[in-house]
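Read the single chain below, which is given as structure tokens and is the form predicted on its own.
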Amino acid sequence: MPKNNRTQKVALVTGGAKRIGEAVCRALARSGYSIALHYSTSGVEAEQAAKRIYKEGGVCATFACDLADAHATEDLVPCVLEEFGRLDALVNSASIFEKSTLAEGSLDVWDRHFAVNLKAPYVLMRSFAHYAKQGSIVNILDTHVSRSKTTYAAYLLSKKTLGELTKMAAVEFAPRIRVNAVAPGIILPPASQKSGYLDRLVRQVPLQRKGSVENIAHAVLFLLENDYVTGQVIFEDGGEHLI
């Protein structure tokens, strides 16, 4: 892959190999960002995504890291800086999504969700704020952070807390660093479900249709580029959070 020219902005996107993360990577690359694409176990998909970005005229390098390992996560931003010489944006897209209730969920499930969905973004945000002279962070939440459903209790609570962390970081890291979030709604089915699963859910959404990964990518780009917005959450959900 070609090297960044060190004047081009660089964005680190976690979970960038697939789904929403890949769409964000490609949209940012088309907008002129060099991409630091993080992956954990999806090495093949990460290289395929990087090749697609390269074919579209972009710059992309891949970085493997287990976000459940806090020490490894602490090294991710320095590795990106070593490769590109700068870092201007961080998008925390990687997450895990497993069923668990408050009464029945295991502590292992709880620990995994909070390690990947909350602690890793915190570690990366802190590292970004330490190394970057200025820049912007976008965290990917979930439209259900506005509710209290417990079917995916550990997942949802980790995302709710990440939403509060977004606001706190927006205050502490200002004025150098802006911190915002996007809360997707019905975009993609869980990996264990087929696309028809979403067709039943959209009837409950005011706009009566599902969104696309491109919708999320556009919201991320807006937050990265609008330099007078911080501490905000964009609900990209067709109005689902309103009902």
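One rule holds for the numbers: they count along the sequence shown, beginning at 1. Treat the numbers as computed from the prediction; the structure is a model and nothing was measured.
The next section is about a form of this same protein that is not shown, the form predicted together with a small molecule.
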Contact of residue 84 with the small molecule in the model of the complex (heavy atom, 4.5 Å): no
Non-hydrogen atom contact residue 215 with the small molecule in the model of the complex at 4.5 angstroms: no
Residue 93 within 4.5 Å of the small molecule in the model of the complex, heavy atoms: yes
Contact flag, residue 10 vs the small molecule in the model of the complex, heavy atom cut 4.5 Å: no
The small molecule: the contacting residue among 169, 116, 89, 80 in the model of the complex [heavy atom, 4.5 Å]: 116
Which of 200 to 208, 47 to 55, 182 to 190, 25 to 33 sits within 4.5 Å of the small molecule in the model of the complex, heavy atom basis: 182 to 190
